[in-house]
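First comes one chain, alone, set out as structure tokens in the form predicted alone.
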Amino acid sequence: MEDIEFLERVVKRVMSSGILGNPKDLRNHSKVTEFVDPEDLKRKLDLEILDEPASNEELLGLCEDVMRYSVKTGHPMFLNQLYHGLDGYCVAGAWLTDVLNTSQSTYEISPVFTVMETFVIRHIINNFIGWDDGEGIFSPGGSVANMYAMFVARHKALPDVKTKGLRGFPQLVAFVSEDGHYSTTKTANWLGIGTDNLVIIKVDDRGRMVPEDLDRSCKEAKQQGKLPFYVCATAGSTVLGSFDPLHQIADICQKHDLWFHVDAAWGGTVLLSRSHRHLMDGVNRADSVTWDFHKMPGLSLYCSVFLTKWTGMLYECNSSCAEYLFQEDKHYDGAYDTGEKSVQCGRKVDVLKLYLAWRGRGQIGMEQLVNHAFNMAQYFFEKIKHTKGFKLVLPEFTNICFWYVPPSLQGKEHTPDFWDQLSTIAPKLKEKMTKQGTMMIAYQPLSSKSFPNFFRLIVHCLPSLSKEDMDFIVTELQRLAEDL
């Protein structure tokens, strides 16, 4: 039982490492990352697999290196991605489901989790999306959930494609905004729609889809003899955090008989807050919704749901009647077998992570987390608005996008090469903060607005995040930029 002994030692080492410690302790005594260049890291890690088994001591040493050189996503200064960690309830759920090592495909092998998934999906649909009926499924990430949306939409538009293929049918056309997630482009490729038939809709000065351009594009596609069938609206865009006008888009979808999908992978969490759920007014008019609980709420990767108001549609799309799994003469109600709704066969259990976190905090606790994130984002916004050197791009949601102008460029905003020079600052600051391990904040350009590189600070539902943390980000950027 050397493997079990090894497991016990790893668990003890993790518990004593500080990774699961108080975020304030991590802030004061730990780096976000200990960065090593790829070639150097390959030399530091002993990854050779030999004929003879490695000892537990050797494996434990490797685990020490894994912890040392991995990014600490539970650190308060990990503000780099739309996800973060960690949540104790969620980690417990992830660990328990790994120990039980089962698939979500049938009630027979996963009785607790199939019932739990059905309950949680129903809870979300009835109490937050606002549909009277519907169904859903946990999926491996928001991109796959968005794939489900276009897949189901295609089936509703052309159900015979399942058996006959796309040949002989009108050319399908889908729509997404300039700032929509790139998974829609991938899905158009995967489903044979073709990326040339994904029409990109303009956004306004706040990064929101322009309904008039959507309406015009639908009419144009019809005039070309094509079949518009799907619109992906965004609730919380990846960079700016923008929310598309859902009611107006729903009107156009109703007018042109389009499937209306809302990609709320990032922004769906506002539905947990009575103060902020207005940002998703109109979501109840959608045909389907994506919501990632591993993003703003901070559950372990991944924890995504695809939801649709069309009960039975997932089964129609995905069922293949595998008789060795889905026998019709089972001794229980086969409707609890979820495998026929899924594009996967084996499907990892994700529902327990969400259930334990939600039950452990209660609805009030979840709402408080969302409101706290908004409060911290507003504090940071006000802070940099009145701090020399900071130049706002756009404050939307809890994404705070800004440029930092170092002292060497301050006062030179009207010189010909100012923006070219400023574009080089964010990559240099990112390199310095990463190598020093003090914090991680993402930067990027935004082609839809012709914006050069700027920082995107992501504020999550991290209860320990404080005004002092926000102040530190400001002073640390100033320190790192002194010699630029």
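In this text, all values refer to a predicted model and were calculated from it rather than measured experimentally. Don't overthink the numbering: it's just position in the shown sequence, from 1.
Form predicted in complex with another copy of the chain: not shown, discussed below.
Student: Within 4.5 Å of another copy of the chain in the predicted complex, counting heavy atoms only, one of 202 to 210, 359 to 367, 374 to 382, 276 to 284 shows up; tell me which.
Tutor: Answer to the contact question: 359 to 367.
Student: Indicate whether the candidate residues Lys31, Trp310 and Thr415 are all in contact with another copy of the chain in the predicted complex, with contact defined as any heavy atom within 4.5 Å.
Tutor: Spot residues vs another copy of the chain: no contact at all.
Student: Please tell me which of Phe402, Tyr83, Phe229, Trp131 lies within 4.5 Å of another copy of the chain in the predicted complex, judged by heavy atoms.
Tutor: Among Phe402, Tyr83, Phe229, Trp131, a heavy atom within 4.5 Å of another copy of the chain in the predicted complex occurs only for Tyr83.
Student: Just one of Gln344, Ser408, Gln248, Asn126 has a heavy atom within 4.5 angstroms of another copy of the chain in the predicted complex, so which one?
Tutor: Exactly one listed residue reaches within 4.5 Å, namely Gln344.
Student: Consider Asp420 of the chain shown here, and say whether it contacts another copy of the chain in the predicted complex, taking contact as heavy atoms within 4.5 Å.
Tutor: No, Asp420 stays farther than 4.5 Å from another copy of the chain in the predicted complex.
Student: Is Phe397 close enough to touch another copy of the chain in the predicted complex, meaning at least one heavy atom pair within 4.5 Å?
Tutor: No - in the predicted complex, heavy atoms of Phe397 and another copy of the chain never come within 4.5 Å of each other.
Student: Using a 4.5 angstroms cut-off on non-hydrogen atoms, would Lys162 count as touching another copy of the chain in the predicted complex?
Tutor: Contact with another copy of the chain, yes.
Student: Is there a heavy atom of Ile458 lying 4.5 Å or less from a heavy atom of another copy of the chain in the predicted complex?
Tutor: Outside the cut-off, so no.
Student: Listed by sequence position, which residues of 66 to 86 have a non-hydrogen atom within 4.5 angstroms of another copy of the chain in the predicted complex?
Tutor: Result: Val66, Met67, Tyr69, Ser70, Val71, Thr73, Phe78, Asn80, Gln81, Tyr83, His84, Gly85, Leu86.
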